[in-house]
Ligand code: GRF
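Just one chain is shown here, as structure tokens, and it is the form predicted alone.
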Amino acid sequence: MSADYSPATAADVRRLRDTLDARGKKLVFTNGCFDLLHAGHVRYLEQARALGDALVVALNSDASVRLLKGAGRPLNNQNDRAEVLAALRAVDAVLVFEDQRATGLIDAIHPHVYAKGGDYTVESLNAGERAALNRAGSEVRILPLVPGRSTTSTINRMNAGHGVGRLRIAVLGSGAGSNLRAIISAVQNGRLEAEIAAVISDQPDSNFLKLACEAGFPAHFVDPGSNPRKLGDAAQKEIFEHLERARVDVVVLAGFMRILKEPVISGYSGRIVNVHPSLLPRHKGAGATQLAIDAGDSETGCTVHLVTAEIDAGRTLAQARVPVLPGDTAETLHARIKTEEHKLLPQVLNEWRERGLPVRDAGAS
């Protein structure tokens, strides 16, 4: 590209869209920060381009990125980011926009197809953007993310030798530990840039704890008290103290069958994440898989969400869909859901900072 490269304008892109439309062809539109371009970006853009006949990328301006990602971003200025994107074979045009959302551009351009990464669902798109897409008659396509390929994971790898940027997680569970095993595997093969700082269970003989011990992670049994669904006050306090001593950024509930209360809920507000075997808000609580079958649902899945005092009511971070097949039992359906959980949970954790989610204060001891 030449040194005086200039991004396209919304009017340029609208003319391209109308020209394609007259020929029975499709314009694909996507938007994002695209800071520190990596293989995940490139694969995503190749997939987006394959959905139509031209791909236009709307790039958040430097000011917009700072609002979305914080004062430390972007790493590269908007002109450099635009020039690099425009040089990719999958990209036909790049334009820069100042808003945090692409609503105005969608209204101006009327893309045939709108592509978004797999950390979104159609339901979790910004309401204004979704309304604009409906007005434009745009088809929405959610494309899968490439595990372990993100700006955050790249930055974490760069900083890992200095002990900076690695997410410190605690995993709580009660049973077999399949999600813990998936997290351990993701850490070991580099798909998840994190440290498992503590593993906690309310079941002394659980496979969950055995797995943690065998892998060499700090493992703790906490006596839950007499209530089979809730933790006693002493157990709540003990868990909180384990988390504090381990300097945990994020608490992960992976098959933890008791309800957390104070001081954990408030002490780690916005930093507790759970994986639930349904497409929340549908089928909250226990027995969600059987509930999906009983309701005659054609699909269900899993949801990674933030934990609040209200059961299964916190903000949805990501979802994966699974079909309900004829003859499914709760066991066979749950097994397929588990496969998706094992991919989705490490992915969300790896993208934690990139999503703008909170971590432990830098000054916390």
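Numbers for residues come from their place in the sequence shown, where the first is 1. Keep in mind the model is a prediction, meaning the values are calculated, not measured.
Unshown form predicted together with this ligand; subsequent notes refer to it.
Taking this ligand in the predicted complex as the reference, which of Ile293, Val140, Ala176, Leu125 has a non-hydrogen atom within 4.5 Å? Comparing distances to this ligand in the predicted complex, the residue within 4.5 Å is Ala176.
Exactly one residue in Ile109, Val275, Leu243, Ile200 has a non-hydrogen atom within 4.5 Å of this ligand in the predicted complex; which is it? Only one option qualifies, and that one is Val275.
Is there a non-hydrogen atom of Ala254 within 4.5 angstroms of a non-hydrogen atom of this ligand in the predicted complex? Yes.
Tell me, yes or no, whether His334 is in contact with this ligand in the predicted complex, where a contact means a heavy atom of each within 4.5 Å. Judged by the heavy-atom cut-off of 4.5 Å, His334 is in contact with this ligand in the predicted complex.
Is Arg49 close enough to touch this ligand in the predicted complex, meaning at least one heavy atom pair within 4.5 Å? Close contact is absent here: in the predicted complex, Arg49 is far from this ligand, nothing within 4.5 Å, heavy atoms only.
So in the predicted complex, does any heavy atom of Lys338 sit within 4.5 Å of this ligand? Taking the distances in the predicted complex, the answer for Lys338 is yes, it comes within 4.5 Å of this ligand.
Options 219-227, 178-186, 94-102, 259-267; stretch whose heavy atom lies within 4.5 Å of this ligand in the predicted complex: Among the candidates, contact is made by 178-186.
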